[in-house]
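Take a look at this single chain, the form predicted alone, given in structure tokens.
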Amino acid sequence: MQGRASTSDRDVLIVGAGVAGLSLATALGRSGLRVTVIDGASRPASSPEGREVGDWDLRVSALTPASVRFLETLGAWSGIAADRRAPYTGMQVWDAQGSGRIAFDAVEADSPHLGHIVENRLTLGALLQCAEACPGVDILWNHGLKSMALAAAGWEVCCEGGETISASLTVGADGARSRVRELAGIPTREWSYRQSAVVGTVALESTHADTCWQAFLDTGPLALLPLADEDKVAIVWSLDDGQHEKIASLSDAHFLAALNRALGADAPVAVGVGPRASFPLRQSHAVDYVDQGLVLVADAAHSIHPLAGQGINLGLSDVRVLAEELMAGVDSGLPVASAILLKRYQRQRKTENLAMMAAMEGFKRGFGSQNPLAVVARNIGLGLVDQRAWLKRWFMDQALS
């Protein structure tokens, strides 16, 4: 439901009504906690869901089976129209500078599919419906975070409109440029990839064959992600700063020509393109995820290169683990802001997140190198993985979890 929160009767205050914030609010609210979510934006309107190339969301996510299961427990998965969910059963990955390639297939993983490509706005909309239907949850739109101060009973959060809200536990779910993290004084380790990603929707000459296609180019990785229509894919084209502006500013016809040249003969042919957008790529990691009466989740705690589409899955794993730890602790008599519970969450999630970030950094550096020895080595590596069933299965198990 929506309404105004009192200043002190909340168990949890979540800053940020995105995928992470709304999924956490739903999980905690359904477990009996009193939760308020604040966000500086207006409530998002329902989006038209046409089928033309310009009707699809510019941002999509590759949801793993584990993420889908979590959304199912929240009741959100059924809120995403089945004809907009795109299960994919294959992955084709190759090095455009050599002959190395690897192919993954759901049959090899003993799974009906490897994951689902879903438009971000639809995931968000389904979670919003769940949160609004949850009796323990209040969502306050147009309540931007202005300042924070630590008091005896928790953080007191002052909103842009002058309202002050406090709760036993404050959660920063407000994205990579987290204001909560900044005001709490939690430092980060971060760096720029010196790349920007061009995103959009592309129409194909044929079918995407329920397959994700990813090429490693000398200017950055390029991915085609299958949408629910068999002739449409979402693109994520990461380009070095020296190349980005030149590609991003092309006319539609010239952009399609550049895209097809980059893909070569190893992927479907693009014949149409919708609106495009770009965003800079950075990686960051908070030194700590927790502080007294405060915790960070998802991009507020860590953001990674979109190389493998794992950002949203890491964020949903953060939410799931945090909710489980909080509810287990509350059931055993601990306060919701207990340092014991928060440190358990941090210990679990930091390990997995750092491992994924290290892997993505290794891929980025390895495939971004122009050194001839590096090119040979990575092509041999791709071929080796493709020929070793047990090694491929290990990689697929990581992607499915």
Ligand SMILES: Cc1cc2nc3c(=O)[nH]c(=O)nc-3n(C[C@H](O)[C@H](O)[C@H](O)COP(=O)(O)OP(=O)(O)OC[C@H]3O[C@@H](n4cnc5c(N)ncnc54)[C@H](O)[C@@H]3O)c2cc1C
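Residues carry their position along the shown sequence, with the first being 1. Predicted model, so just to flag it, every value in this text is computed and none were measured.
One more form of this protein should be noted, the form predicted in complex with this ligand, which is absent from this view; the next part is about it.
Student: Here the chain is shown alone; which of 334, 355, 41, 339 has a heavy atom within 4.5 Å of this ligand in the predicted complex?
Tutor: Only one listed residue qualifies here, and that residue is 41.
Student: Name the single residue among 236, 122, 270, 263 that comes within 4.5 Å of this ligand in the predicted complex, judging by heavy atoms.
Tutor: Selected residue: 236.
Student: For the chain shown here without its partner, which stretch in 320-328, 239-247, 161-169, 139-147 has non-hydrogen atoms within 4.5 angstroms of this ligand in the predicted complex?
Tutor: Stretch 139-147 is the one.
Student: Might residue 312 be said to contact this ligand in the predicted complex, defining contact as any heavy atom within 4.5 Å?
Tutor: Yes.
Student: Heavy atom to heavy atom, is residue 61 within 4.5 Å of this ligand in the predicted complex?
Tutor: It does: once this ligand is placed as it appears in the predicted complex, residue 61 has a heavy atom within 4.5 Å of it.
Student: Taking 4.5 angstroms as the cut-off for heavy atoms, does residue 227 touch this ligand in the predicted complex?
Tutor: Taking the distances in the predicted complex, the answer for residue 227 is no, it never comes within 4.5 Å of this ligand.
Student: Test of understanding: in the predicted complex, would residue 24 fall inside 4.5 Å of this ligand by heavy atoms?
Tutor: The answer is no: residue 24 has no heavy atom within 4.5 Å of this ligand.
Student: Hey, which residues along 188-212 are within 4.5 angstroms of this ligand in the predicted complex, non-hydrogen atoms only?
Tutor: 197, 199 sit within 4.5 Å of the partner.
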